[in-house]
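The data below hold one chain only, encoded as structure tokens and taken in the form predicted on its own.
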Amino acid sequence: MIDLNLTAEQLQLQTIARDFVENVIKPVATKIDESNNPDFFPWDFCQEVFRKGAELGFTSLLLPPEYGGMARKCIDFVLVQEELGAGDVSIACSYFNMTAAMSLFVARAGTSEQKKRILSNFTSGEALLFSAAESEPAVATSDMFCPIPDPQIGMKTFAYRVSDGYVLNGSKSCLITNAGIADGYFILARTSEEKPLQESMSMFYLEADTPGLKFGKRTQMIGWKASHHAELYLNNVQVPKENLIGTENQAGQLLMLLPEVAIGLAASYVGLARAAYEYALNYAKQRVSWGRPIIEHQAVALKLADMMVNTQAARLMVWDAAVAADTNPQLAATVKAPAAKTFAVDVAIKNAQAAVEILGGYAVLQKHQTGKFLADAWIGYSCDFTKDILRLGIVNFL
């Protein structure tokens, strides 16, 4: 029999995350959202948010105890990510989901020396922020899914072998999460010019102060105002062989070990969908039209019912993917995680649009959250691959 009830420990974790959102995330997110200064630097405010969240274990829930983690299940992780996403989806995805997922990647794919070195901050209590650099400015990221075995297709960042390691050259797009503010970077680069992309990708770890690693200005996006994205440049970057994660040309297979990236994003977007629903519901109970609260009008009531149903459906799909991540990682990575991500983002977009419709003319006012919900929701459509690319990938494993 399937039991969807949360344990007392999980309920406590959920409460801790919810309190953190109310007391720490929301005040900072509001300050950032209300700023109209294009030179505003959100990390100046989010750095303390990230530190406090890391102290609560939000970035180390999934890590083994020997690396300062709690060895919790993926379902525990998504409970936290949903709460964080309800507070601000950009903070949830950019800072907490990214760092938690890449830390887990090291724990699964790194050598003993790499685990000790890269993950030492979790045992020491230091909050280090991570970044992962995949996309490139002149190359379609969907090339990573291209079945054509042509070595000319795909990323151009290249890692050349030298006697004591590698030399990296290339650039990554303006959409690299945490580029310029992270403490550590996971860089995808090709290590073979004769093999197609899927057989020639390797993963390297670089500290932020690595010579030759440079960054562009912060990218301005329609939403996710609390996040930080920028271009990343690699100019003859010397990388010791000890910083190769896994073996050469193995990154494509290694990334299959990490369904938690998409699952964490999906959970964050369930949080956004829930926040849009709760905001519209509260407004509908207070706004009066024709002598009664607008929730009593069928046109509004039906929208709210659909928002609740869609949110619950997305949550259950995310929970199902989280269970699969612990019991059948391959199924989670190939089918359930991308399915949960596409569905949760769709629901967030629909709920945000419904919230705009329910608030009517007031939805366009900056003092209301509806515009933020809609802009943040649409960024999820292409975040960590577009909906269409993910669906095409799913079909290959049905």
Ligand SMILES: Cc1cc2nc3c(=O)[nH]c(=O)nc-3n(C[C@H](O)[C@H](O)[C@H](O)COP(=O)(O)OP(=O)(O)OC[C@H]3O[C@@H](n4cnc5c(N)ncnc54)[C@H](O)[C@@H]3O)c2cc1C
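Quantities reported herein were computed from a predicted structural model and do not represent experimental measurements. When you see a residue number, it is the position in the sequence shown, counting from 1.
Here the subject shifts to the form predicted together with this ligand, a form of this protein not shown in this document.
The candidate stretches are 140-148, 156-164, 108-116, 199-207, and the one lying within 4.5 Å of this ligand in the model of the complex by heavy atoms is 140-148. Contact annotation for H229: at least one heavy atom lies within 4.5 Å of this ligand in the model of the complex. Interface membership of E134, defined by any non-hydrogen atom within 4.5 Å of this ligand in the model of the complex, is confirmed. Although the partner is absent from this view, I25 stays clear of this ligand in the model of the complex, with no non-hydrogen atom inside 4.5 angstroms. Although the partner is absent here, M98 lies within 4.5 Å of this ligand in the model of the complex, judged by heavy atoms. This chain lacks the partner; the member of L374, V21, C383, L13 within 4.5 angstroms of this ligand in the model of the complex by a non-hydrogen atom is C383. Residue M221 is the only one of L254, A313, V323, M221 with a heavy atom lying within 4.5 Å of this ligand in the model of the complex. In sequence order, L175, I176, T177 are the residues of 154-190 having a heavy atom within 4.5 Å of this ligand in the model of the complex; the partner itself is omitted from this view.
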